[in-house]
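Shown here is one chain on its own, the form predicted on its own, set out as structure tokens.
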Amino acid sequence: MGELLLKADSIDKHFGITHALDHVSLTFNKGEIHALIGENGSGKSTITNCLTGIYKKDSGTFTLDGTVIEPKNQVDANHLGAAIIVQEIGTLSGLTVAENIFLGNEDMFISHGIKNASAMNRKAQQYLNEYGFDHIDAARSIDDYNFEDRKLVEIVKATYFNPKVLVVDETTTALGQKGREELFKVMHRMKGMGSCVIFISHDLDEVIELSDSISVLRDGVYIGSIDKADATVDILKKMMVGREIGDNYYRTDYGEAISDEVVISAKNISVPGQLDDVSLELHKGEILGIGGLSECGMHEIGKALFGASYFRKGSVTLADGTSIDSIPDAISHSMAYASKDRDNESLVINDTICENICLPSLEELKKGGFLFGSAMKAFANKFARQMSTKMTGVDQFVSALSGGNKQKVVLARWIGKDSDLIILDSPTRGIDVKVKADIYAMMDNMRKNGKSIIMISEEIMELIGMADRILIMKDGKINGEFQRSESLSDMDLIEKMI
């Protein structure tokens, strides 16, 4: 056992009537990767957000390397030796890459009241190059970069000063394979320096592979810890949910005939630098899986089909010949889209659960041309509860929810809309094992009821397990197509990805 580095002693935190952390005590040692796991809403992110100054705890103490710390905010936490890479976007739009990296520490580059932007850019670029992220230009706006590259910037931002404790909160779900490999290198480097990495992930195989020890939270309560050598996926699942959970996530049917009816057709779709002359069709009652490596173009496909891609060329038409050229076109013709980037593209974070769920259905909810709060509340409650959303009520702000519960709100919104064609980009990103099973069951039920689904996913087994047909993309083009089959393997897909 390594030397004690961080002790969380009886940490308590409430959000309204929700007891998010119930006097949780944990210890973390020097030179270890310590996984923190649990279902969505179990308290994992809450306790690490308290540690890193994002939330203020109600009671309890954090002792880091022998000193009690009370960080006022993230910058203060960094100065005290604790840093975090958050699950969602943790960079600020409107700033350069360098300004994001040194946010709160700009005084390093200020002399006589004047900021030396050139020096800041040079230092930031030096760090980016050292990490192997030299394709990112420190002087450019952060808005010029995609979700994954912004996460790479956050890795630099959180670690360039060598913190004693680094929290990695569901970051792997936002990264492609190359990005994950780079993150893992950083985690092992931090461990080798004697720091502690607190690793939060729902990928239990990844947890067992990377971690030295694993602690489990459930409903804000500490359940127990286990060494890597004693951990199995089944043991961890049981600790997380309090009972056995089988592996029957996926569909078990094979050989079912797919309807010949085409509900949407894309022809010669191109987006500069992302898609190159892509054509595809989706059939009624079909789950069409789209996969590939990061930057293959699969995430842009969803936006292009939904009319949300500004530079799209080519045509997207429904069965009746209707052209889909904008988001209002799509929504008015019973289409739904759930983006991979929840916080920025799928939700209005600083609004309530009720407003978010009702947003696409406002016209249907009107009575005599008026919207009534009681009707909206009843509608939101129905579908939030259908998705088992952990909340104090539908008046709660979405910003206060865990990542998994935010995803439930996204899905509740479109279930409530009862759309016929649903585009789901990374639908189980940051979702725990129990809720994954619920989402897969929901998708299976939707297709049986004649709904048509496009599922974009970086998880190969999810594609094999749920899709009737799989398209693999590479370099902005479709590079392979597979029909649903018991004999289909992950290697079959991987060969077309690389």
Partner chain sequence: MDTTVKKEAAAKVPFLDRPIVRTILPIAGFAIICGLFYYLTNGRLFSSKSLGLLMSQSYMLLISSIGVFFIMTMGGLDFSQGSMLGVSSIVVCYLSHYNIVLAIIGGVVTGGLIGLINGFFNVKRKISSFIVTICNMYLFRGVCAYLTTKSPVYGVSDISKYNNLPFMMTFTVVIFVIAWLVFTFTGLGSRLKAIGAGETAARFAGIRVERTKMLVYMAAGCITGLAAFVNSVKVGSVTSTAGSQLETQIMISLVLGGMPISGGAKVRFYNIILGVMTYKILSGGLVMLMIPTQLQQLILGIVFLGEVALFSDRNTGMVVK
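Positions refer to the first chain, counted from 1. Only a predicted model underlies this, so the values are computations on that prediction, with no experimental measurement involved.
The form predicted together with the partner chain exists for this protein as well; it is not shown, and the discussion that follows is about that form.
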Checklist outcome for this item: Contact with the partner chain in the predicted bound form, heavy atom within 4.5 Å, among A117, L371, V262, V233 goes to L371
Checklist entry - Looking at L362, L95, I258, L103, which is the one with a non-hydrogen atom within 4.5 Å of the partner chain in the predicted bound form? => result L362
Checklist entry - Can you check whether S402 is within 4.5 Å of the partner chain in the predicted bound form, heavy atom basis? => result yes
Item to check | E206, heavy atom within 4.5 angstroms of the partner chain in the predicted bound form | outcome: no
Checklist entry - Heavy atoms within 4.5 Å of the partner chain in the predicted bound form: does E355 have any? => result yes
Item to check | E345 within 4.5 Å of the partner chain in the predicted bound form, heavy atoms | outcome: yes
Checklist entry - For the chain shown here without its partner, which stretch in 68 to 76, 413 to 421, 107 to 115, 123 to 131 has non-hydrogen atoms within 4.5 angstroms of the partner chain in the predicted bound form? => result 413 to 421
Checklist entry - Does anything in 305 to 319 come within 4.5 Å of the partner chain in the predicted bound form by heavy atoms, and if so which residues, in order? => result F306, A308, Y310
Checklist entry - With a C-alpha distance change of 3 Å or more, do D58 and A384 lie closer or farther in the predicted bound form? => result farther
Next on the checklist: Can you confirm the direction of the Cα distance change for V221 and A384 in the predicted bound form, closer or farther than in this form, given it is 3 Å or more?
Outcome noted: farther
